[in-house]
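Below sits a lone chain in structure tokens, taken as the form predicted on its own.
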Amino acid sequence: MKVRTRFAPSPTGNVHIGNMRAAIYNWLYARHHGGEFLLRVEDTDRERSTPEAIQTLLEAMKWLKLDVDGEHLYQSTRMEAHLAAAEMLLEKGHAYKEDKGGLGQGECVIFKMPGKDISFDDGIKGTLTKAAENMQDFVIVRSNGTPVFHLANVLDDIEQRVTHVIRGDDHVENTFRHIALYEALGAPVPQFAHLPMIVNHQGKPYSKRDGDAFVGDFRDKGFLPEALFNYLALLGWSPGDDREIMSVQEMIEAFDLDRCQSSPAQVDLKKLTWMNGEYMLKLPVEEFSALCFAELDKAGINAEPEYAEKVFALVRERVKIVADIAPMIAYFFSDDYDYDEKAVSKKLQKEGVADILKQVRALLAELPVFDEASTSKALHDFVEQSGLGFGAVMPPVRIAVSGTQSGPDLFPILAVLGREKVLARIDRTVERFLA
């Protein structure tokens, strides 16, 4: 039997990371077993499933490189088949008509549960059973003549010859109904596997209130698709060892349902950010530079290429997400940079700092050569001879030339900025804060 999985979203404009994780698991399972990964767009909600919403969905899948086998199936094109199946179920006595609620709004078609316990072996949760007395008949065609999710979903899985249904565990209750439908329709029942819920740190369903929750949010903030794919794959699954940074091929080779956890998976955005930083470090220099130039362009910063490349090299190991780039290096390209107020208050506006900066300025002005090695030696000698200590000297100099206490090592910063800018920035800082 050839494995066939599917991703069957109802596009509404934004693609939640929980939905995309389900897509990734279906894709990985199909690729691991040499099968096919299918896409079905459940677009019967005409108000929400707009062309724009569908395009957003397709772009998110393309960004994450989730390639689909065969043509996309749009559920809205299948209504005739859904209604024909409902008629067949009526004819065979598996369904009946009723004015649901007795409101005179027309008759619904209601599926008749078989009156027996239903069990299935879940690929993640193990054997699940529900007693007959706890399962009620349910509507499969509304009084307005439109099919309900249960009927459409099962029939489309049959049409696409889906062998494995991997979806969120909010569908467990639906699965008992769906199994009864498969049997009434005389179709083979696929293997079901229900993924654990994605939750916040309080154990509640993860939503926009907890931070970025949609694929587009992460893309817009500059997360790399490879990093988000890797992170979502590990959000509820483990390769069986301590690997965290994995190539797509490694994930394909290792993936199977028996390593998926059944308990909820908690989102850790710090871990995702760390992981993205690891992927940033792996980028070829040319790709990293291209991202940096693009971010500078967005920020309206014009940069001379040769100078800019030196700046990029300084911050390469510190960049975690693309959106960090422009704020992190803006001071290299403009003398009108912001000062960190806490840094100024704590490290700059102290007794004796003005005199220290003036002495440092004089030392730097007299250096025969102004580079990383010479500035490092000059300041280290000054610290030793003055007895002031590194904490009294280095932070004020760093704040003076960059406006912040954080960033790359001080001496490479001085070398890239150059003597003229460094001296002018020290002068301006003293005049502004210490005069």
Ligand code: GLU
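Keep in mind that this is a model prediction, so the values were computed, not measured. The first residue of the shown sequence is 1; numbering continues from there.
The same protein also exists as the form predicted together with this ligand; that form is not shown, yet it is the one meant from here on.
Note on the partner interface in the predicted bound form: the residue among K97, H171, K271, R318 having a heavy atom within 4.5 angstroms of this ligand is H171. This chain is displayed alone, yet in the predicted bound form one of F333, Y74, F214, F149 has a heavy atom within 4.5 Å of this ligand; that residue is F149. The shortest heavy atom separation between R167 and this ligand in the predicted bound form is within 4.5 Å. Contact annotation: P9 falls within 4.5 Å of this ligand in the predicted bound form, judged by heavy atom distances. Residue contact with this ligand in the predicted bound form: E42 places a heavy atom within 4.5 Å of it. In the predicted bound form, this ligand lies within 4.5 Å of some heavy atom of N153. Within 4.5 angstroms of this ligand in the predicted bound form, the stretch 203-221 places no non-hydrogen atom at all.
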